[in-house]
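The chain below stands alone, shown as structure tokens; this is the form predicted on its own.
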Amino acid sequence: MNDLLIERTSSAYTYPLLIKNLLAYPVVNNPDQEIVYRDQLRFDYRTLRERICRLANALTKLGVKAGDTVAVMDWDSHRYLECFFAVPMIGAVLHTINVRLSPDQILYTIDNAEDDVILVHSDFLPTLDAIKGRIDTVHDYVLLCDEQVQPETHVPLCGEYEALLANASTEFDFPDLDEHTRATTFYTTGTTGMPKGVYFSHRQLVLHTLGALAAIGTPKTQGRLHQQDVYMPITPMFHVHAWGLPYVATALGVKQVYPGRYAPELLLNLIKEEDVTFSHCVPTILHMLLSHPDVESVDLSRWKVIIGGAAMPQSLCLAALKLGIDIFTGYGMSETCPIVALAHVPEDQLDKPLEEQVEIRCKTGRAIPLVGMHIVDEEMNPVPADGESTGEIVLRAPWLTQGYLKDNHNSEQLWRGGYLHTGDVANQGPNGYFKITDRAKDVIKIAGEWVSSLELEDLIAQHATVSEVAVIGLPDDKWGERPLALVVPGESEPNEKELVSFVKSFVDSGRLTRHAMMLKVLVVDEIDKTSVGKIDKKVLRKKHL
């Protein structure tokens, strides 16, 4: 059997899967392509390469070496893109700090990741001011800013980003690292207690990039990312490498637009003026854009949008489709790097009415190349792919995190049985499409029967009086639980009796079980969200139970 092993010629080059190799060829093949930051700055890929080298030299001059950790606190910017490459390419670890966490949580992540240097936007200096006396590991702070005015702060800044780059060389000899070298760390908020650190190697990020390229770049028309597209993320870049798509866009050599701090007027104007054709965001961001009056003056018929991070309501999907947006679901989580499934519409179904396409576009999707995606019961037995039987999604793929940083217990729980456990309850149809019906912890159990909070939310959101909705389980002495719908008003004030009657129509049609009729409705001004824009049911349960 050993005779079948490849014999390596002594002079052969063993090509490592390194982030630097995602950058090399687009710079050569598409040197004039643009990187755009808001309405403030634009430069070509040649300059991008030079700026990445300058940043590598500047960090090295600050004493950053292989194995050190460089943290970033910034809005979505060209600077962030440069850090995505320069930091891991010198052998350091990039820590993308979730700037929406509380100061104490941010302090925890800084200490847990053992940050050595922090690159901080002036907007987040007050956060560091509040915790600076308790930070133990950081030896240098670099200022990121869009204005010329020096901010007032007690943070000991060692310099300003652009000034440091201006004084650095445009050449850097990036080493051939071991491809298993850790490249990134960030912290997931989808758990109780303090955030958990997940981490990824160069090899994992390169393989995820290639898998995503194969999945998004090969459809004939629908949801396809190609070299003539213009890419703009509308997902915070601290969140799972902004879903890994900045690496994909750079590897393709496409024009990239970075919007900085989100404002609906700016985002819509950038889509219009820069001819943006490919984006991704959570449902709440898209809802914000489609609700803004400026949307009427923007042609969105060439815009392709992946929705992830939370279930996409069918009503939102239909509203986007009617504006010409090519919208579909992507699935993943912090621990999966993240994309593992996409809900592309089969070519032969694109001529169907929009109302029929919505069902496919809102599904969780089909597994992308190299992803083993399965539904199992509590004993890890496979669940039939009949579109009805439910179980937990478990995964294997070459880019899944190996565990949680400095947390062996939860790492073992994540990977029990040799599969990564998502905690998502789903079914799978004969056509291979998965559909998440709930998070295991969010399923409402009434008289021993499971009721999907996600399905209830999706249906209630279709009512004209509802702008946003979240459903949680209320404790009930007789039935165990009953559903509570927290509703933000839409066109008019929601009425509990009217909404219950609306839900009854789906019970009568067989879409919902009779237990959904136990619905209670509470009108609220807003629904609590997590730092990445997901509905925060943990907080909602604390407030309303």
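Here the rigid core means the biggest group of C-alpha atoms that line up within 1.5 Å when the two forms are laid on top of each other. Numbering starts at 1 and follows the sequence shown. The structure presented is a predicted model; accordingly, all values stated were derived computationally and were not measured.
The next section is about a form of this same protein that is not shown, the form predicted together with a small molecule.
Student: Are 188, 309 and 424 jointly within 4.5 Å of the small molecule in the predicted bound form, each by at least one heavy atom?
Tutor: Heavy-atom distance to the small molecule in the predicted bound form: all three under 4.5 Å.
Student: Counting only non-hydrogen atoms and a 4.5 angstroms cut-off, does residue 334 reach the small molecule in the predicted bound form?
Tutor: Output for residue 334 is yes: heavy atoms within 4.5 Å of the small molecule.
Student: Quick one: does residue 445 come within 4.5 Å of the small molecule in the predicted bound form, counting heavy atoms only?
Tutor: Heavy-atom contact with the small molecule at 4.5 Å: present for residue 445.
Student: Check residue 313 for me: does it contact the small molecule in the predicted bound form (non-hydrogen atoms, 4.5 angstroms)?
Tutor: Looking in the predicted bound form, residue contacts with the small molecule do not include residue 313, since no heavy atom lies within 4.5 Å.
Student: My question is simply whether residue 330 lines the interface with the small molecule in the predicted bound form - judged by any non-hydrogen atom within 4.5 Å.
Tutor: Answer yes; at least one heavy atom of residue 330 falls within 4.5 Å of the small molecule in the predicted bound form.
Student: Given a 4.5 Å cut-off on heavy atoms, tell me which of 203-211, 252-260, 176-184, 431-439 is the interface stretch with the small molecule in the predicted bound form.
Tutor: Contact-bearing stretch, as computed: 431-439.
Student: Sort through 287, 304, 78, 239 and report the residue having a heavy atom within 4.5 Å of the small molecule in the predicted bound form.
Tutor: After the contact test, the surviving option is 239.
Student: Could you check, with the core superposed, whether the Cα atom of residue 441 shifts 2 Å or more between this form and the one not shown?
Tutor: Yes; that C-alpha moves by at least 2 Å between this form and the one not shown.
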